[in-house]
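One chain is shown next in structure tokens, namely the form predicted alone.
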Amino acid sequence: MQDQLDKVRVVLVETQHPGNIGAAARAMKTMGLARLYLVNPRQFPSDEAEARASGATEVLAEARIVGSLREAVAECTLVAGASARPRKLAWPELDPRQCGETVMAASGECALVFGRERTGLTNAELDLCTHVVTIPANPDYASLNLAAAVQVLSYELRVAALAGHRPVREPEAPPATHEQLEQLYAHLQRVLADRGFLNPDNPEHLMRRLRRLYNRAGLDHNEVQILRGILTTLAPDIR
């Protein structure tokens, strides 16, 4: 079970209050998670974070501080972003139980991503996620504390791991990593823009839909190489 939990990293984006980092570390440790990534935290290290960690200081000690969400999830094949806000364009959406089962059944590195305390994740940051997970809180008071959200999803990961959810079979090729997909999307956008297919005033709208399409497909390494080969053949002047 532990090897399945060890493939998961928890990513906190631009956390404002160091106490929330400590409380999140405590939530992680109680469920057997240990890998914490911090994207541009306002204050860390912090005595308050250590105090709120209540003994989970090794999680804080091993935390990695990075400069961007893209860097935090570069090697991941599944990235689930926690969000409570309704979106005009739907991402593949999971509830907490589905999230736990999906992550445990995935091959390769996985990430749970949590946004800022007040504003959550932006649409641009959700573009870097393969799934969105929403905790079905009281609609009249859906203000869930950051560490509480980490606790809920960490618990569901442990439940799924205890139930024995594992990859069904070894894939024919390794799943595409986040960074490989980002390179594909950038290549695709350059080709589509050059050929006049994208609206120059709003290229992100169509690209967001294409991201959703490819995320649903669950591309592996070889499939990404095939698609990039097609793009290179059709537009050899654009890399």
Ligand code: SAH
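Keep in mind that what you see is a predicted model, and the values were worked out from it rather than measured. Residue numbers here begin at 1 and follow the sequence given.
There is another form of the same protein, the form predicted together with ligand SAH; it is not shown, and what comes next is about it.
You can rule out all but one of 137-145, 103-111, 67-75, 155-163: in the model of the complex, only 137-145 has residues with a heavy atom within 4.5 Å of ligand SAH. In the model of the complex, no heavy atom of Thr130 sits within 4.5 Å of ligand SAH. Remark: Val79 does not count among the residues lining ligand SAH in the model of the complex, judged by a heavy atom distance of 4.5 Å or less. Ligand SAH is not drawn, but in the model of the complex it has a heavy atom within 4.5 Å of Leu121. Contact between Glu117 and ligand SAH in the model of the complex is found at the 4.5 Å heavy atom cutoff.
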